[in-house]
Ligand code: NAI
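Just the one chain here, the form predicted on its own, laid out as structure tokens.
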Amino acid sequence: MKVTKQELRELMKTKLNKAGLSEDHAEGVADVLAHADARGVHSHGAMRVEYYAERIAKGGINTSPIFTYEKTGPCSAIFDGDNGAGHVAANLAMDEAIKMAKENGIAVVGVRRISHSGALSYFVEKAAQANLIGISLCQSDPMVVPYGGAEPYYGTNPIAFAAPGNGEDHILFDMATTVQAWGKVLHARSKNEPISDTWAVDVNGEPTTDPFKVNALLPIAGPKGYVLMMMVDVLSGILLGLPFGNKVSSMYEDLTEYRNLGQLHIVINPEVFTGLRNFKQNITDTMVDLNNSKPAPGFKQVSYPGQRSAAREKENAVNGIDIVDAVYDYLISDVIHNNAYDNKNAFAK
């Protein structure tokens, strides 16, 4: 089903509002989700709405949060989300980080006690659009085996980065520290498609291509991905005084409970280092150099991070965003949720 970004945003906003979020917060969540779908990252888009709606309806997301923001130093602060919608809290915290970085050159803002906040690319892109470098990290519930381990300890613990070039172009990446994000497995399930045998293992620790048999995900590049997900957990969990490692709350185990998740925004102002004009020109030169690099067999061009997603977003603005029919049917229905996620394990089973 093809829909415009605006139509999709409105459908998601309406569903989340009916589930119990205020209109403003429902709009804030829908904007982050629509951003993901527009860029082709469907694992963090509309397919998540029913899960959020069920958690909201069951009380696991605070629908009347009292947000607080406390500066703890000239370049540091804590934003407390009071377990409200993570997308909204993380977005407001990024606004504060941008303001602080413009004033003081750098900002480190911890976001405490939030629910799932969606695609981190949304927040770092906001920094890049403000002519700043954006970095965002967040913890997630355990579903990844540590290198050499046989049971999950860390989450997919994503890292996002964005840096502005000239014009509207910027470098941007948003990646899980696993070979693939759990949301990609969910997307494969929704389309009843197999996954790569490099993504995950089954209950016996054997590689699987069946998204319904996934028992644990694998870290990228073995020990390297393992230490990256540890770093994310330290910076977005332990540093903020929150549960960490295998103590991070489950996404599905009890949808009546708040999740108390953490996220960290780091924003850097290039002006206080090399100067903004010089920095942006060098980022643009990097993009051009990469595009002009000799491609490997089977590739037409070397792309810089975020280039293909940005092109997809422009294409979808013209042709519409392709949404799985079952997800669209849910969005236009009168159903708030189908009680499909509560009391499940990390893999929604």
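So that there is no doubt, residue numbering starts at 1 and follows the sequence shown. None of the values given here were measured: they were computed from a predicted structure.
Missing here is the form predicted in complex with this ligand; even so, the following discussion is about that form.
A.B. asks: Does at least one non-hydrogen atom of S140 fall within 4.5 angstroms of this ligand in the predicted bound form?
C.D. replies: Because a heavy atom of S140 falls inside 4.5 Å of this ligand in the predicted bound form, the answer is yes.
A.B. asks: Using the partner position in the predicted bound form, report whether R308 sits within 4.5 Å of this ligand, counting heavy atoms only.
C.D. replies: Yes - in the predicted bound form, heavy atoms of R308 and this ligand come within 4.5 Å of each other.
A.B. asks: In the predicted bound form, is there a heavy atom of this ligand that lies within 4.5 Å of any heavy atom of P164, even though the partner is absent here?
C.D. replies: Heavy-atom contact with this ligand at 4.5 Å: absent for P164.
A.B. asks: Heavy atoms within 4.5 Å of this ligand in the predicted bound form: does M175 have any?
C.D. replies: Yes, M175 is a contact residue.
A.B. asks: Among 40 to 48, 24 to 32, 58 to 66, 315 to 323, which stretch has residues whose heavy atoms lie within 4.5 Å of this ligand in the predicted bound form?
C.D. replies: Going by heavy atoms within 4.5 Å, the stretch is 40 to 48.
A.B. asks: Which residue among A85, A200, V232, L120 has a heavy atom within 4.5 angstroms of this ligand in the predicted bound form?
C.D. replies: Partner contact (heavy atom, 4.5 Å) among the options: L120.
A.B. asks: Counting non-hydrogen atoms within 4.5 angstroms of this ligand in the predicted bound form, say which of K126, H187, R113, H116 makes the cut.
C.D. replies: Spelling it out, the residue with a heavy atom inside the cut-off is H116.
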